[in-house]
Ligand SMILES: Cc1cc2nc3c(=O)[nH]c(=O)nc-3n(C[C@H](O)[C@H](O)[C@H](O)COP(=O)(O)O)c2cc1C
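Given next, in structure tokens, is a single chain: the form predicted on its own.
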């Protein structure tokens, strides 16, 4: 379902090329997923899953666990910067932990004011802070002052907590506090992830010539990216669930913006083997949660690839490594018997 206010004349015309940011998504967009998606191309930068900050300086191992790219200059193996995201409400603790992230090699720090999860909000983190615009601004100020001026400090918000009346005050406070860039998910916390995303409501806070604001929410294909940018006035986009449903979406958006022929869409056979590689890299080491991240990704992939439903069904009740690997093999045999395609599993660069 689209934001109907966004359907403007010329909506299919090319737009100037902008940044494409891979959104943070807890529990699924981890280092292995960032590696795979940035290997497919199109992304300007990534953001980690949030690091929850209370009132203490966290040990280095916490940062390295959620952002192992810190050991390689804060970039994926494909050279895409990875900003470290912090979540919390204690401005001074966030500032201390931002300084530690930068000392460890983070090329940028992102602040989470958008997470709608009840457990997070009940701890005064994420989108509940949008009820207190001055507190949001104070947090951004503290973090901006804590890290070197050349290190970007970005923020991710929603339209508001239960309405968007305070959006101008929230955005102006974040900008005055010195944020380098702002991503706006075009729904309130109350909206959750229910369509539509109200892209046009972001336009009220996007200035002419704005080069610092990303639009986020309900961008599932190239056409959505055009509509979202036109309706919001944003030049840049942030992809989350859309990136999981269509892993090559960023490079197709990039091709459209550049006015060149779009690359061929990934086949399900190729992608299914990336799913197996992702499982082996990030989802096979936790005895309590084996397969959970992979199943979550498959749930999104079903939107673009109906064949993902078969693999999801094979994995749905499995919780041990060996049966899951066997299920992948059986799914591959099923695909090979259907159309005998080329095997892409050797592409270890992803």
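Numbering follows the first chain given and starts at 1. Values in this document were obtained by computation on a predicted structure and should not be read as measured data.
The following text describes the form predicted together with this ligand, which does not appear among the structures shown.
S.K.: Going by heavy atom distances of 4.5 angstroms or less, which of 81, 173, 125, 240 would be at the interface with this ligand in the predicted bound form?
M.R.: Of the listed residues, the single hit is 240.
S.K.: Of the options 28, 66, 301, 36, which one has a non-hydrogen atom that comes within 4.5 Å of this ligand in the predicted bound form?
M.R.: Only one listed residue qualifies here, and that residue is 28.
S.K.: Indicate whether this ligand has at least one heavy atom within 4.5 Å of a heavy atom of residue 218 in the predicted bound form.
M.R.: Residue-level check for residue 218: yes, a contact with this ligand.
S.K.: With a cut-off of 4.5 Å between heavy atoms, is residue 85 one of the residues that contacts this ligand in the predicted bound form?
M.R.: Yes.
S.K.: Can you check whether residue 97 is within 4.5 Å of this ligand in the predicted bound form, heavy atom basis?
M.R.: Output for residue 97 is no: heavy atoms all beyond 4.5 Å of this ligand.
S.K.: Hey, in the predicted bound form, does residue 185 get a heavy atom within 4.5 angstroms of this ligand?
M.R.: Yes.
S.K.: What stretch, of 144 to 152, 265 to 273, 185 to 193, 226 to 234, brings heavy atoms to within 4.5 Å of this ligand in the predicted bound form?
M.R.: Going by heavy atoms within 4.5 Å, the stretch is 185 to 193.
S.K.: Listed by sequence position, which residues of 257 to 284 have a non-hydrogen atom within 4.5 angstroms of this ligand in the predicted bound form?
M.R.: Result: empty, none.
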